[in-house]
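Only one chain comes next, encoded as structure tokens, the form predicted on its own.
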Amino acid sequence: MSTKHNFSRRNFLKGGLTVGAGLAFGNLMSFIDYRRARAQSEPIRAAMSSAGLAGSWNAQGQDAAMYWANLLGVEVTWFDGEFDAAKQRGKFDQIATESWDFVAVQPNTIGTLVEPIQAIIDAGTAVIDMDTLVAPLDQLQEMGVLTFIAPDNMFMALSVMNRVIAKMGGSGKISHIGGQPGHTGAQARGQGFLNALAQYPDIEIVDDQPGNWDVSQAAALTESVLNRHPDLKAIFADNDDMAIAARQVVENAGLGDQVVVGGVDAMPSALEAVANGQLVATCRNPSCRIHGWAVVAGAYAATVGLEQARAEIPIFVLADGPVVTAEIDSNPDLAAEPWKLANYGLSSIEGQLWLESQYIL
């Protein structure tokens, strides 16, 4: 792809602007203004794909991507990965035969999209990797992927597990419902689950199986483990959709007071479940940042040219998010000094919901 958007960068790039460094406010606004003024005359054409729109995290990410695409005058064609690596591969074989200004992807499984993505990159098109690795990091760089925008999956799992373990009292039986085995984010969450338990010999893992992001599978796994271990004390699921499905099975079994459940993503439904005590904790995997930043990075590369974008945008951009619990630090001795309290002695849930509704976090 040749750069067709002739943009004078003297002011826009003043100060060494990089997307990865967080786009200085004035410069980002300048870029948005520039793109909005030229959206009709110089549209940017993009292909985007997530692992599966049946997942609430992926659907929210699509909404955020479309929001940012509208701001920047980007025409997005979405290719649903359908939580099926073979189907997503077939769609990328199609994508590789067409012309795009940029492509952004959250792969189902590491390694399955390497060949068509390499063809897309070799044609001069910017590719942004979202959330999970297309290929191992060294290969990703060799391929020429523009940037990898992702959360710290180990941190998210460990943060939630710390709350789960505390509720368990450091002992008892626990089960783990994983994501897709080839999804590097799920692999990292599984490792975070194990790392959290390393110092607790009195906690027994009685089940550890992939739920493949599928709520029906998660429910079936929960029913099975409860039948075999009616004294189960906790469940950790790799995403909120599966955690909420597991929690419903726990409540149907009349074990709501016995079994604590934690998940990852901090989706609105999970935040409400944390607030009402159904989930002990979740951690924000910021789909709005990941998908929105991917659109910004892709539109920027389409505007200034791929090589210039590669020189300015880091290969890895961390999209971080907080752990969320229902607990409020309300020490009355610190009421006059709320800055010494966690979250200023307030709940973060309402703010999280607002940020997500605005496609900010």
Partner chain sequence: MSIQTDNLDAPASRLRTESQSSVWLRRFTALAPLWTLLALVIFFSIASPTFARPINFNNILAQISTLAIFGTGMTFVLLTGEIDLSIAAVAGLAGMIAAYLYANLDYQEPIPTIAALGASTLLGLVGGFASTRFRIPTFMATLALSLIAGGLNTYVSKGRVISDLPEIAAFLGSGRIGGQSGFRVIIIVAALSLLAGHLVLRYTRFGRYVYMTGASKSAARLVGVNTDRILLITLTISGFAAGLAGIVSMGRLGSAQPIAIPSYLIDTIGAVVLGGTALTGGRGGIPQTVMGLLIYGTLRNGLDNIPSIDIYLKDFITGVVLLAALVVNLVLSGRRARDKTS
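Positions refer to the first chain, counted from 1. For clarity, every value in this text was computed on a predicted model and none was experimentally measured.
What comes next is about the form predicted in complex with the partner chain, which is not displayed.
- Contact between residue 152 and the partner chain in the predicted bound form is not found at the 4.5 Å heavy atom cutoff.
- Within this chain, residue 79 lines the site of the partner chain in the predicted bound form, having a heavy atom no more than 4.5 Å away.
- Using a 4.5 angstroms threshold between heavy atoms, residue 229 stays clear of the partner chain in the predicted bound form.
- When the partner chain is considered in the predicted bound form, residue 180 lines it closely, a heavy atom lying within 4.5 Å.
- For the partner chain in the predicted bound form, the listed stretch (162-170, 86-94, 143-151, 279-287) containing residues with heavy atoms inside 4.5 Å is 86-94.
- Residue-level contacts in the predicted bound form: of 28, 53, 334, 318, one residue has a heavy atom within 4.5 Å of the partner chain, and it is 53.
- The single contact residue among 32, 326, 59, 39, judged by any heavy atom lying within 4.5 Å of the partner chain in the predicted bound form, is 59.
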